[in-house]
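Before any questions on binding or motion, here is one chain by itself as structure tokens, the form predicted on its own.
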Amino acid sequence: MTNYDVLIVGAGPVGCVLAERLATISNKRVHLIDKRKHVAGNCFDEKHESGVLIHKYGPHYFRTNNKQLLDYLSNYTEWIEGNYYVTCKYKNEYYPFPINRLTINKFFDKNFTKEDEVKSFIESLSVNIENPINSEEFVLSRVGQQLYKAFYLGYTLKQWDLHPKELGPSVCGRIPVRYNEDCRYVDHLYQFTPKLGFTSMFNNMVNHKNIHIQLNKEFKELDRKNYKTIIYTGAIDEYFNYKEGKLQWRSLEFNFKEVKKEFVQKNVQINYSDEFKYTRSVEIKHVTKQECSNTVISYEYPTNNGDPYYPISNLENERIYEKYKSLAEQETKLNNVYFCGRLAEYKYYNTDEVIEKALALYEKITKND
């Protein structure tokens, strides 16, 4: 195809979902490009040289409360149960995380058996801060000084290279605190992982005669005049040539290590709050349930250089983003360019959330068509 209706910049979850909807439902001719050599964005998984399936850009734990979303994605994959259990290593002890009754009992040498006991105890630890304005105040207002220092402070300093008081409340506020013994990483009703991997699911999604995919392709190489509609999922400040300033991101470097054992860790992810330069080790085989005699552990090292992973939530970045958001709204009205996704909206989204954003944008685009 050389004559397209829509250009989609970025073949991650947003780009793949919108390409599929526009091609399948609206019968549009879609040109889908990505500057990387693969589809699926940061959800990309592949076989390590050892034969073990790995998540190249960090673990993706798919979960949702939206049955319609699960049904939609089920057109492109079979599922296996998610096995999302995380522990935090602190002073050479392993604790369930997010914080729950087992965490509290072990950390404080208690024997609570009822939820209201745990709730009352945590409330007795919490600092009375009525309107927290940063992550430190938010966590202190929930769990108090001891748990903050053990499970949040050191990890946050490594992850962001910023003190929690320099980050917005939402950064640490995404993590729940439980009063029961639920050790799952997330609370969602549906917790699954694609049976053959995320890359397989997204490849199936864009396998359509109306979709032409070009990888290793930069947006600036194309003439935008050739497209009636453009959907942009890249970094919003880059789109506008950084005219309002550069938004700050935190990146990651990964070290993948093969081990000649079936499993090394007791669960998929271990956070390290008081030792090592890496923040967490991930043995994704716990989730993928791949049957093989060896395994691969990934170690994550946060850095300010490299691909953008996590938007740095503070007042200055929010101020800059609001300017770009205003420019983006004008671009949509004047040139039919739509902005969607983590990079384009300068917001951290889970996989289910960003797919829901893509589906909502499809409805908006077709409504305006």
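Fair warning: this is a prediction, and the values are worked out from it, not measured in the lab. Don't overthink the numbering: it's just position in the shown sequence, from 1.
Keep in mind that the form predicted in complex with a further copy of the same chain is not shown, yet the notes after this line are about it.
Undergrad: Considering non-hydrogen atoms and a 4.5 Å limit, which listed residue (T288, T199, N134, T279) is close to a further copy of the same chain in the predicted complex?
TA: Here the answer is residue option T199.
Undergrad: Out of N75, S120, T113, Q145, which one falls within 4.5 Å of a further copy of the same chain in the predicted complex, going by heavy atoms?
TA: It is N75.
Undergrad: Using heavy atoms only and a 4.5 Å cut-off, decide whether all three of G51, N204 and H208 touch a further copy of the same chain in the predicted complex.
TA: All of them do, each having a heavy atom within 4.5 Å of the partner.
Undergrad: Counting only non-hydrogen atoms and a 4.5 angstroms cut-off, does F44 reach a further copy of the same chain in the predicted complex?
TA: Yes - in the predicted complex, heavy atoms of F44 and a further copy of the same chain come within 4.5 Å of each other.
Undergrad: Mark K195 yes when one of its heavy atoms lies within 4.5 Å of a heavy atom of a further copy of the same chain in the predicted complex, and no otherwise.
TA: Contact check for K195: yes, within 4.5 Å of a further copy of the same chain in the predicted complex.
Undergrad: Do N27 and a further copy of the same chain share at least one heavy atom pair within 4.5 Å in the predicted complex?
TA: Residue-level check for N27: yes, a contact with a further copy of the same chain.
Undergrad: Hey, of 147 to 155, 77 to 85, 168 to 176, 234 to 242, which bit sits against a further copy of the same chain in the predicted complex at 4.5 Å between non-hydrogen atoms?
TA: Answer to the contact question: 77 to 85.
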